[in-house]
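Heads up, the chain below is alone and in the form predicted on its own; it's given as structure tokens.
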């Protein structure tokens, strides 16, 4: 166990994740990175936050009926993360592949704490998480992110807007207050978890170029990662 609570086991693969508030552009950047790594010949596994089939339907039902408290929300997402860690993340890291995560446990550390959950408790909940090779944090002014979100989806969802924690009865005002809390938590974590901070106001091309240059520094020879993944696949 490492000093910041995450598992520091060494695997032959590489794990890169992106973090940031909604509207920061992180999903666009990791999608571009995914396509580039595949074109370069690497074996790549993509894993997305809250995508495990084990709990996806349960989460959806709870959201629709507004049944999720901050603690149950935290536990459901931790279950989702644990399932993906066991079946997607760790097996591919052991096989020597590159694993890309659109949001990692830091999302829980930011959102759950913004909802009032104990920082210590939620970090203990995710202590099994593997330490990323690089965790990219896309820093963006709150107003810029909000403008991007409103342009894309003017109707904010109940939990997305943070209406469950009573910050405001107005969805947009609640969303702003909730996102501000999340930003504050991310900023606290930049030093704690050694985030690689990205300026999310730069052009998509500039950000992607910077990401690729950083990722390249952490990659072994293509053949090593690729052959390791193929060997593991054949033995499975």
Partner chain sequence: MNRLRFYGDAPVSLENIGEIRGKLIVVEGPDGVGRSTQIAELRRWLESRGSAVIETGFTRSDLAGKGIKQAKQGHTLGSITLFLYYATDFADIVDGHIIPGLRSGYIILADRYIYSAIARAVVRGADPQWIREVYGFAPIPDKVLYLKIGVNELIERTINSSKGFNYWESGMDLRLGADMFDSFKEYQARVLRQFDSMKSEYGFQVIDADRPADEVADDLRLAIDSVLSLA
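None of these values were measured; they are calculated from a predicted model. Numbering follows the first chain given and starts at 1.
The form predicted in complex with its partner chain exists for this protein as well; it is not shown, and the discussion that follows is about that form.
Within 4.5 Å of its partner chain in the predicted bound form, a heavy atom is found for all three of 72, 87 and 117. Residues placing heavy atoms within 4.5 Å of its partner chain in the predicted bound form fall in a single listed stretch, namely 53 to 61, out of 196 to 204, 172 to 180, 53 to 61, 37 to 45.
A heavy atom within 4.5 Å of its partner chain in the predicted bound form is found for exactly one of 130, 76, 149, 100: 76. Of the listed positions (135, 163, 82, 93), a single one reaches within 4.5 angstroms of its partner chain by any non-hydrogen atom in the predicted bound form, namely 82.
Contact between residue 108 and its partner chain in the predicted bound form is not found at the 4.5 Å heavy atom cutoff.
For residue 121, a non-hydrogen atom is located within 4.5 Å of its partner chain in the predicted bound form, even though that partner is not displayed. Using a 4.5 angstroms limit between non-hydrogen atoms, residue 67 touches its partner chain in the predicted bound form.
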